[in-house]
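Taking the form predicted alone, here's one chain by itself in structure tokens.
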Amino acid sequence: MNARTQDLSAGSGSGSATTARDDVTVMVAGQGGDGSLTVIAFLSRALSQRGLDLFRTSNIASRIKGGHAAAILRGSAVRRGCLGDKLDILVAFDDEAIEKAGPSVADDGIVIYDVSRGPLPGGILPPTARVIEVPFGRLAVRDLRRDLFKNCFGFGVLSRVMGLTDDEALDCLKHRFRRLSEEDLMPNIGALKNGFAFADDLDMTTDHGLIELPRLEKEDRIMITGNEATAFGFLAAGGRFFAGYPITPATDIMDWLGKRFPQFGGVAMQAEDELAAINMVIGASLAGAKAMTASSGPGIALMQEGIGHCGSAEIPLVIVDCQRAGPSTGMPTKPEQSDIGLMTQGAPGDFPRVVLCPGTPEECFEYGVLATNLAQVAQCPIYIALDGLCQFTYTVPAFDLDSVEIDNGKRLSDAEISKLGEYRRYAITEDGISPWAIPGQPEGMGLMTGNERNEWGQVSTDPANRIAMVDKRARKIDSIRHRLPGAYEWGDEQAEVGVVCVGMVGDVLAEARERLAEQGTILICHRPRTLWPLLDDTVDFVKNCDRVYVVELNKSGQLAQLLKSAGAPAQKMQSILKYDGVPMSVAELVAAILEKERAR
């Protein structure tokens, strides 16, 4: 046995048969800085090039540096917008990765463990799992003088396990590190090749690896997160101003726009806090720019006064709420759906608003466009409610930019203002929407205040005027209701059992429905895409089912409460709730529905 294999446990074996798979879930985990996310990024490109659909997420600590970090990737022949129930492969850079993720390894799973810091912890992995012990860190230091290169070394071993060719693996590394100089790139390539050689010396792989993946023909696709897709839609619809304060998990929107705005004449500003951010976007919108802000629960709470001002003063604005586990600071890196009440009912007083709720990256892009247009048309705040979707990464077909239509609503040109004879910024109209001019347009002067006002914008507390203005603003929602996206519905129309969910739970439910059907439990599924105003199709869905399970990621059943307030019969609904910060798995949802059904 040569030097490269001396650290391999005797139980690792050699020459195992290849298992063909068209659905595989891989986790790479260790401490922050070990390169877990980098290895998954390499693998993402490789599996995407093979034509597999990808879903990628991460589990990281809420701290600036250090702490446990895991990146998880699912590649499948059919689209799956969630993780598999078990890990087929675990690359563990330390014992904490084994302790945390070991129980999730499949019975026939493969574990690649870095023994540089000590032996594999016992009693955690399934006894039938295959363990490949590799001293990543020690060999990286020995051969390349830096522990940093262990991620590339690990990817070399992983490539052999998954049957990737040398060229495929090298392409992934070069693409990821394409901004490095040749001098800096070479040690990484050297580490990758050392990983190949180590795996070859173990004679642990066949010609196809331990896992054989298909090669599929698929149209050109992009990898994108919900945050990025939403920002893309806003940009495509003419959005040109963004202000926000950094907050997990919303900051990606500011970063994405900040990199791309300059070539389109847009401006992205990092404010000193959320109060400044909301007021910046209000000012930009008043000046005629299509404006957006994004935050998470704590930041959205701070913005409530400004959002209410937009509703009162009829100022167009797009607001993205990237929901996370609360209240207060809560768990910043963990997803939840607990801001439903905040978005639909937050801020004092009565004012019109819309809350859109996408469930796929394609819908994130679509609603980024729609929200930008609706804000201009209805002249009110338009929310986009995201959850874990905001930071999940998916492969999707490239968005059709030619299909994007821009709607500026009743924004007046100089010629149109001159024909009015008298410009009234808050003119009372049948649809509740007043024609409006940008400050500075000739003959388009208007007064704008947070106080109640008359048609000319002058402050007024007259009771009759107050009623007229509140009613005018309320009519906006009815005038745009036909433009709001209805629910996405699928399953057996004759099923007695209905399930309602929103956002990231939709893909979990889609897969759970398939498994339940195989076991004889037939479902009809319904995912609302407009949370406010809640549309009739959702209320009717509940009424038409014998019983309905409302699945959501919060403790108080906020979606169920919304359904009840809109007239859905409470006696037909039961909640399935999860609020531990961990995304719901397909197996969990299947078990929860079966338990409810057995309890009847």
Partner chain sequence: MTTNYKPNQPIWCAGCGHFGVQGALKYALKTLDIQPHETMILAGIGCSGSIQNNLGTYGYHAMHGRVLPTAIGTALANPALTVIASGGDGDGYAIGVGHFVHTLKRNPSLVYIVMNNGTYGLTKGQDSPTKDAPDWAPGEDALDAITLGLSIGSSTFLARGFAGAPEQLNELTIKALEHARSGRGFAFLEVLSPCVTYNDTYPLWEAMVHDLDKDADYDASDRTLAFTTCMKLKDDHRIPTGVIYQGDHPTLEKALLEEGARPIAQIDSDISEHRPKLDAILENCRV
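Predicted, not measured: the structure shown is a model, and the values here were computed from it. Residue numbers count along the first chain shown, from 1. The term rigid core refers to the most C-alpha atoms you can superpose between the two forms while keeping them within 1.5 Å.
We do not show the form predicted together with the partner chain, though everything after this point is about it.
**Student:** Can you check whether R240 is within 4.5 Å of the partner chain in the predicted bound form, heavy atom basis?
**Tutor:** Yes - in the predicted bound form, heavy atoms of R240 and the partner chain come within 4.5 Å of each other.
**Student:** Just checking whether D167 would be counted as a contact of the partner chain in the predicted bound form - the rule being heavy atoms within 4.5 angstroms.
**Tutor:** Output for D167 is no: heavy atoms all beyond 4.5 Å of the partner chain.
**Student:** Give a yes/no on whether T429 approaches the partner chain to within 4.5 Å in the predicted bound form, heavy atoms considered.
**Tutor:** Heavy-atom contact with the partner chain at 4.5 Å: absent for T429.
**Student:** So in the predicted bound form, does any heavy atom of G122 sit within 4.5 Å of the partner chain?
**Tutor:** The answer is no: G122 has no heavy atom within 4.5 Å of the partner chain.
**Student:** Residues in which of 186-194, 173-181, 123-131, 490-498 have heavy atoms within 4.5 Å of the partner chain in the predicted bound form?
**Tutor:** In short, 173-181.
**Student:** Exactly one residue in L286, L202, L139, V115 has a non-hydrogen atom within 4.5 Å of the partner chain in the predicted bound form; which is it?
**Tutor:** Partner contact (heavy atom, 4.5 Å) among the options: L286.
**Student:** P103, G486, P435, P246: which sits within 4.5 Å of the partner chain in the predicted bound form by any heavy atom?
**Tutor:** Selected residue: P246.
**Student:** Spell it out for me: taking the partner chain in the predicted bound form, does every residue among N279, E305 and G440 have a heavy atom no farther than 4.5 Å from it?
**Tutor:** Yes, all three are in contact.
**Student:** Within 4.5 Å of the partner chain in the predicted bound form, counting any non-hydrogen atom, which residues from 410-425 show up?
**Tutor:** Going through 410-425 in order - heavy atoms within 4.5 Å of the partner chain in the predicted bound form - the hits are R411, I417, S418, K419, L420, G421, E422, Y423.
**Student:** Can a Cα shift of no less than 2 Å be assigned to R179 between this form and the one not shown, given superposition on the rigid core?
**Tutor:** It does, since the R179 C-alpha is displaced 2 Å or more between this form and the one not shown after the core fit.
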